[in-house]
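Just one chain follows, in the form predicted alone, and it is written as structure tokens.
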Amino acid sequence: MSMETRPYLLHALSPLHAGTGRSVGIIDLPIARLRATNIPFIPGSSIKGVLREARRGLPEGEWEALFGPLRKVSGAEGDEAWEGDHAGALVVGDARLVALPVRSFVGTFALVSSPLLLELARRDLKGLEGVPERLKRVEGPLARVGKGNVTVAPEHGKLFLEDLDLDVQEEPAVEAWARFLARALPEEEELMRERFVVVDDETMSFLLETATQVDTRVRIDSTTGSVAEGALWQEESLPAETLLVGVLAAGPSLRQKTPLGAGDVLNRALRETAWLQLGGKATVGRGRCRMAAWPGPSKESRR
């Protein structure tokens, strides 16, 4: 069966909490991270469920061809096939961090990435035209920026991120990456170009641990008006403005009388910018995101 893939960009518009449940660590409700690299990610299973609802406007036959029919019975009993049952043609991959917003002494915040994050993104972006070249690893601590970056302190020639002060080196490839990522969201090109920064991998590992958003929350006991016993906890989120990259894959439709090729499936899934509510804590404003694709078809296909 022929498969096609197409990358997507996920942009967090509010803090994003895709958690792993309660932890015994300092943070009670941490975000999901890849085990070997500690890089934050959003599971594809979470994105698929939300994207399914966002595409309800498709004709019913096409909607079922993309996502598969809803189970008649939830739980293990729902695994039994019935007449007309079929798998969905769309495969939704995890979205992995590519740039993290970090507070900057100058310019309010920077969109910070690293050679490792960009190299992993290059795998997902394979097949698109204009993917920038690989950025070489450098000895840190060091920040590389494009021309006209607004987060560099002009009088010092340094970048002040949180409590880090980093020497700065100007490199055209950094601006090329910012402009490429912004092709998925053209209205944000200036913001990305002015704030995109690439730090060394070791500095990025430090920021992955210290620059996420951690909120302390409580539950008030309505009878006493004070904090209920045991109802004080901390939860972690990816800050608003975080950028993640993932891949959608598709094969031909398996639904009878709905003949869609792999490209048709991807066109319908990514036909326009999707506004998604991802992760937990939606009722307190978490998880508002938008998903967009780069213009032009991807050349990546598999058999």
Partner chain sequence: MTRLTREQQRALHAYERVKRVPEKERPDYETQVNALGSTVLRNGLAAALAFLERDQEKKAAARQLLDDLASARIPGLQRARGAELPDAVRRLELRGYMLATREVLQLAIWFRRAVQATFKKKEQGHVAGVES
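Residue numbers count along the first chain shown, from 1. Here the structure is a predicted model, which is why all the values come from computation and not from measurement.
There is another form of the same protein, the form predicted in complex with its partner chain; it is not shown, and what comes next is about it.
This chain is displayed alone, yet in the predicted complex one of 171, 189, 215, 119 has a heavy atom within 4.5 Å of its partner chain; that residue is 215. None of 129, 133, 209, 79 but one reaches within 4.5 angstroms of its partner chain in the predicted complex through a heavy atom, and that residue is 209.
This chain is displayed without its partner chain, yet in the predicted complex the stretch 224 to 232 from 93 to 101, 107 to 115, 120 to 128, 224 to 232 comes within 4.5 Å of it by heavy atoms. Interface residue remark: residue 184 is not counted as part of the site for its partner chain in the predicted complex, having no heavy atom within 4.5 Å.
Among heavy atoms of residue 62, none comes within 4.5 Å of its partner chain in the predicted complex.
Contact check for residue 149: every heavy atom lies farther than 4.5 Å from its partner chain in the predicted complex. The closest non-hydrogen atom of residue 26 lies within 4.5 Å of its partner chain in the predicted complex. Annotation for 126 to 161: interface residues with its partner chain in the predicted complex are 139, 140, 141 [heavy atom within 4.5 Å].
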